[in-house]
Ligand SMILES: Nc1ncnc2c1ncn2[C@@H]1O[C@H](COP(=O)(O)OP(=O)(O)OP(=O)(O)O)[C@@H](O)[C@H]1O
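Only one chain is given next, in structure tokens, and it is the form predicted alone.
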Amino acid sequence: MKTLIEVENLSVAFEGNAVFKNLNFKINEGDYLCIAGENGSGKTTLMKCILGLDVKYSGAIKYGGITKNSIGWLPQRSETKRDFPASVFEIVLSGFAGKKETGLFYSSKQKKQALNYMETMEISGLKNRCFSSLSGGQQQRVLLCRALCAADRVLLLDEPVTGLDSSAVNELYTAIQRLNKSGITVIMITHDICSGLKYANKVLHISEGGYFFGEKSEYILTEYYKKAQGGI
């Protein structure tokens, strides 16, 4: 199995205080990795490191067959995104913004690919709707399509179900699983460890006292999992 991202001895500290120390793990092609941990444990900081955002760290992050710029990113929901005045199709296409093949315009190939992603996510019927008029669950699926347009083979999702009702949560998890089965590697930060684990094959749990990385079957036997069930 090809390794897409390899993290070696990764450490981050703010104002002399360690966020995490010496993280080591690999993400292979086709993985569905859940990243869990208490609030303030460094999950979002780790995400920023992987994406190459402005975080100073020691150690190394190596990419195999991808680049940090080809990782599709679905950030946490915000009011700004909900009120964005554009059509669903415009939002989805904007994922190609850094990949325009014909100057200022999107290519016919990119438009076709965007429509294919929308069909996969079952939002084709929303193509001409205003993004701000959609429900929270519909908006997340639109933004997931946008992230797919930006992606090569990897999606990084930061708390994707936060603020959604139970029906929308189930629909989004099912959609993410469908993408993973189609060959997309998924990295998902989650506080909802019980539901998040349902489709994952690997877990990275970051804690003040250390971390766990391994198969889901191993994780559920650890103290990290027992503590997580009590609330992350």
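Numbers for residues come from their place in the sequence shown, where the first is 1. Quantities reported herein were computed from a predicted structural model and do not represent experimental measurements.
The form predicted in complex with this ligand exists for this protein as well; it is not shown, and the discussion that follows is about that form.
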Report the stretch among 161 to 169, 58 to 66, 22 to 30, 36 to 44 that approaches this ligand in the model of the complex to within 4.5 Å, counting heavy atoms only. 36 to 44
Would Q76 show up as a contact with this ligand in the model of the complex if we use heavy atoms at 4.5 Å? yes
Report yes if any heavy atom of H191 sits within 4.5 Å of a heavy atom of this ligand in the model of the complex; otherwise report no. yes
